[in-house]
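Here's a solo chain for you in structure tokens, the form predicted on its own.
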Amino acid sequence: MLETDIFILGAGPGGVATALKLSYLGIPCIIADKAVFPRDKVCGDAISGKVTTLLNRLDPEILARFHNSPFHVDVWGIRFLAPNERLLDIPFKAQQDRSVQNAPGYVCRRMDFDNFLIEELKQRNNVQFFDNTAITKYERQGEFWMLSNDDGSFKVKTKLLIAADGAYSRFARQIGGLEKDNAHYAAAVRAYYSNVKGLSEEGFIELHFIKSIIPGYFWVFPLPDGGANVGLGMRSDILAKKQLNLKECLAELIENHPKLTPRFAEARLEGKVIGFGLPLGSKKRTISGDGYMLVGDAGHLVDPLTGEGIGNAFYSGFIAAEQAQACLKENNFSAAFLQAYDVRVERVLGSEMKISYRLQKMISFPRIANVLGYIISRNQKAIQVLSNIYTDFEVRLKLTKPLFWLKMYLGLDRKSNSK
């Protein structure tokens, strides 16, 4: 039996971020994952600037190695398609000075990104990493967690368990009590395509808000080899109400949508269309308890607007590591003491996710989405504001205010009347 103060369940971005942060704090840990790396992970493959910001804070050399790797695409903006098929390009502010700034976002296959993180983890001499190790049994004995795999060949005794085992976390459901709530959960499908025409030469990802799938969206994210991550996502309660099959919807759009079909005329599906779940952070939940914390998707921390979970997994992992440091210092792993983790996650991520949820609901109505697209496409100030939407919380907050859109519209109307 292995004994450790801290055990991390799951070696995706959230788990590895936790382990790396602990390592740099000088705190040893054990981390295990059921998969054998490198492995694929079904995802949209978009990585926000949160990840690179935190990697830079941890160790600029890790970030430099990531930037010098060949397996990612720099993202400099977003191309929106409104329900009325009005196309709108929103460049990120950083695009104006690429010579001195790294890209604010990236697209990278999870096969490559997660393995990059694992290789970084393996360089840390105070981290024990076990893959091909599925933890299936959790038992609380006094002040310890006793963990093991099915046949008992792998056993761990730990004071603190950090569960980072993803959207389908058994521990989060069975012990943490985080049940699936369709109003705060999304379903998605992802496919890899080669030879998709019309990919942005400016490094823009594409979000298509198509009337038949509102409030979901269709995405096209460019990949390093000229391919694309193509997918479709929708909130689960709305999906059930509409009685839609996402795989069928994806195929229908690619085969029959006037804007998309010509672009896929010579495209080839690489592999299969695969579905996955997204536990959204739009509902406040308790994500800690006696001797444990939930990180990333296991804690239902996916952004409700974008569906991006890697950045929030990183943030929650760093916060969990710092909370673990406090637990060790005070020798206190109680639920009451660990509540500080929930408070900090709520302070750092909670407000942002609430705003994202409000924006998601705003654009769930095709008419509203069309009006907003009309105003933005004709108002340079609105475009300038939107250029910071993924890097500035205050911008997201501003976009939820009807007064902002009224001012943008009135400014547009005055320009029209002056001509």
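Note that the coordinates shown come from a computational prediction; the quantities given were computed from them, not determined experimentally. Heads up: residue numbers just count along the shown sequence, starting at 1.
Beyond the structure shown, there is the form predicted in complex with a small molecule, which is absent from this document and is the topic of what follows.
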property	result
Residue stretch of 64-72, 44-52, 350-358, 22-30 approaching the small molecule in the model of the complex, non-hydrogen atom distance within 4.5 Å	44-52
Partner-contacting position among Ala188, Cys249, Leu223, Ala82 - heavy atom within 4.5 Å of the small molecule in the model of the complex	Ala188
Residue among Arg285, Arg235, Arg110, His208 with a heavy atom within 4.5 Å of the small molecule in the model of the complex	Arg110
Complete contact of Trp219, Gly277 and Val302 with the small molecule in the model of the complex (any heavy atom, 4.5 Å)	yes
Contact test in the model of the complex: Gly176 vs the small molecule, heavy atoms, 4.5 Å	no
Touches the small molecule in the model of the complex: Ala35 (any heavy atom, 4.5 Å)	yes
Partner contact for Ser334 in the model of the complex: the small molecule, 4.5 angstroms, heavy atom	no
Contact test in the model of the complex: Ile135 vs the small molecule, heavy atoms, 4.5 Å	yes
